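First comes one chain, alone, set out as structure tokens in the form predicted alone.
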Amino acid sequence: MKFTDGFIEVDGCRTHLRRGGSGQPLLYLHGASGAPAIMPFMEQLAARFDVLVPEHPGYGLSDEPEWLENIHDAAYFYLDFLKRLNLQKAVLVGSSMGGWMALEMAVRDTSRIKSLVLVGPAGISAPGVQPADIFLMPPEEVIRSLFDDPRLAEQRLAEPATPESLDIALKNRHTTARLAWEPRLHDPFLPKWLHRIDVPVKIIWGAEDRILPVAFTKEFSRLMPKAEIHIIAGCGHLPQLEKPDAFCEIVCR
């Protein structure tokens, strides 16, 4: 499935956007490592949906706007993004930090959102559950912690680094720190507003997630009792990459 590759300006931010497929809109919000390429799961979803894959403000080839100070700014940006493109009844798929952004969007306004699919989402804390401190881990250790299958991590590490890719990785880490450094990877005010989400929610988690442990699902179940929980065995923090068929089957149900 061929994706277009271009830019769109929203809120004064020149935003890198890839788009492919047709049908109901599906907005994919990437995690802290960005969205450097179109992946097989995106192509799979594009067989059924109009898939939009933007790079967040401050990530990848998108601008670093002065107004981007916290995760709430990202949420308001994407609500404006939906309006700018006149997307209606969108399936909002967010991975890790992207899942956190999706939650922050949905507690504010679901008028253009049909459903949420949250993939190992950040955004909340949970009693007795400790996320990995991605800011203190060496980059190679972060990559190895993303996957249950070590071969996938080694493939990722074997990809040749270019000056451009190193610059983007540094840019992504800087923006992630701006949005999620303190408190680490969560918004202490988010849980009390999760009851405002009035669209269907699916939460997908890798059983062997070493970045955000699967035990977070217990707290999400408490806070969002109507949410569907799907735990994928033999899978780390990125089910969409490690188990794309199982992931897409859940999204498309």
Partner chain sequence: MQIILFHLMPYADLDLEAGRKNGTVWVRLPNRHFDPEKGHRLYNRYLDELEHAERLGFDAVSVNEHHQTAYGLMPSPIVTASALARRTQRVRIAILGSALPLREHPLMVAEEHAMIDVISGGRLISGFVRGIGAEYHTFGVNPTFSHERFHEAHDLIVRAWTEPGPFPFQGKHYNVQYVNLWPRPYQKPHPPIWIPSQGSKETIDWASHPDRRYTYLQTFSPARVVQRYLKLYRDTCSGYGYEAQDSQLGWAVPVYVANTDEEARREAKPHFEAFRNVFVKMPLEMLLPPGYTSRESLKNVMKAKAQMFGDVTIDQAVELGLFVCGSGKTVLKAFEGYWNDMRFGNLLVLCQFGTLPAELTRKNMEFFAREVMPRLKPL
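Positions refer to the first chain, counted from 1. Values in this document were obtained by computation on a predicted structure and should not be read as measured data.
This next part talks about the form predicted together with its partner chain, which is not shown.
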| Mind checking whether each of Glu64, Phe135 and Glu182 has a heavy atom within 4.5 Å of its partner chain in the model of the complex? | yes
| query | Is there any non-hydrogen atom of Asp167 lying within 4.5 Å of its partner chain in the model of the complex? | reply | yes
| request: Please check if Ala177 has a heavy atom lying within 4.5 Å of any heavy atom of its partner chain in the model of the complex. | output: yes
| Exercise: Arg84 in contact with its partner chain in the model of the complex, heavy atom 4.5 Å | no
| Do Pro150 and its partner chain come within 4.5 Å of each other in the model of the complex, heavy atoms counted? | no
| Counting only non-hydrogen atoms, which stretch in 76-84, 150-158, 109-117, 167-175 is within 4.5 Å of its partner chain in the model of the complex? | 167-175
| query | Looking at its partner chain in the model of the complex, which residues in 211-230 have at least one heavy atom within 4.5 Å of it? | reply | none
